[in-house]
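Only one chain is included here, represented as structure tokens and corresponding to the form predicted alone.
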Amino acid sequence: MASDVQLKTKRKISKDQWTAIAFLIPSIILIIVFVYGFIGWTGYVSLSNYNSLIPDFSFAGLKNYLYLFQDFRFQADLRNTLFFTILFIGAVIVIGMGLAILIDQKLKGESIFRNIFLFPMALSFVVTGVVWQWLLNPSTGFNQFLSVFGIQPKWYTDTNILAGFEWGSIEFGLPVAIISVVIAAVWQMTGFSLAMYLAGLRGIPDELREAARMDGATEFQVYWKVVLPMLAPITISVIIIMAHISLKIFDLIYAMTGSGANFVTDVPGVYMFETTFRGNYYANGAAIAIIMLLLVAVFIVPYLWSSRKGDQ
């Protein structure tokens, strides 16, 4: 009998817990309605025939999705997103890690260099897009200097595809124009990976490096065998965050290049915006949004699942 009373006492929710629950409930309701509710509504619209100003929610099945995967522009968007993501993540990791290693060498004026590299993160992608649109304009910007050497890159106006081959309705390969967008995105986001890697380097005990040197390891081997493996969790975090940014990129592309000639710089975000709010093809736009969500989920969900298992 006494044990039952003790169990009931233990299970009783305290006043502080009720207060915490009361503060959380409004946020939970808002998230359910304005995040998951709208995701569900978008999915519902994507399965309808709502492709005009007149609402039509009759069931269309996967018709809108099948249309997209047969569409030249959407195929080009997936190609561009693939190459943009690979180049963007690779450059951000390599440059960010390299700069972090250099700054970690106890350079004079370290705070100045750190602030210089972190400054672009304070800008919006729209500002970055406008600035780099001018810098990489074929008739102005960098080309004014490069013309002295007889070099005149077309930058984001170039319609060439490197190592291209026919795939579906498009030429699959690296669009030269997308490199210009990668340069702008890397310039803005490298500071983030720099900060992450610098924090990771400062968290590695000097004793580990000294022990490796005493065992005869060269400086390269110290970084390759000791430092880089310990930075692996940070690298995974950078990949996940940068992949999330690259897969849903919109504002940088829209401000800098738009869809580009022959859609060489187009991405699903721009296509969704123009399809939904300019073309009034709401079901097609919703289908694009759901595909973008699934692309992001491919990276985010496994990461969250592994993090949860690690915490347990």
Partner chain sequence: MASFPIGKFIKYFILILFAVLFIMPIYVIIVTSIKPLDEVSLENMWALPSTIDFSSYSEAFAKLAPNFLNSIYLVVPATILSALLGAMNGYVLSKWRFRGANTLFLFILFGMFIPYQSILIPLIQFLRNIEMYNTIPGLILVHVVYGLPITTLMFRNFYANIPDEMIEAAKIDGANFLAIFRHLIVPLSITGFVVVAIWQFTNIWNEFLFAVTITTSDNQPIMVALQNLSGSQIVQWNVQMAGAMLAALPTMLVYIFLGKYFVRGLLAGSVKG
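Everything quoted here is computed from the prediction, not taken from an experiment. Residue numbers count along the first chain shown, from 1.
What follows is about the form predicted in complex with the partner chain, which we do not show.
Proximity to the partner chain in the model of the complex, taken as heavy atoms within 4.5 Å, picks out 209-217 from the listed stretches 209-217, 169-177, 67-75, 81-89. Heavy atoms of I32 reach within 4.5 Å of the partner chain in the model of the complex, making it an interface residue. N51 falls outside the set of residues with a heavy atom inside 4.5 Å of the partner chain in the model of the complex. The partner chain in the model of the complex is approached by Q133, whose closest heavy atom lies within 4.5 angstroms of it. Of the heavy atoms in P229, none are within 4.5 Å of the partner chain in the model of the complex. Taking the partner from elsewhere, no residue among S58, A60 and G150 has a non-hydrogen atom within 4.5 angstroms of the partner chain in the model of the complex. Exactly one listed residue, out of L99, I239, I161, V182, brings a non-hydrogen atom to within 4.5 Å of the partner chain in the model of the complex: L99. Within 4.5 angstroms of the partner chain in the model of the complex, the stretch 99-138 places a non-hydrogen atom from each of L99, I101, L102, I103, D104, Q105, K106, L107, K108, F113, R114, N115, I116, F117, L118, F119, P120, M121, A122, L123, S124, V126, V127, V130, V131, W132, Q133, W134, L135, taken in sequence order.
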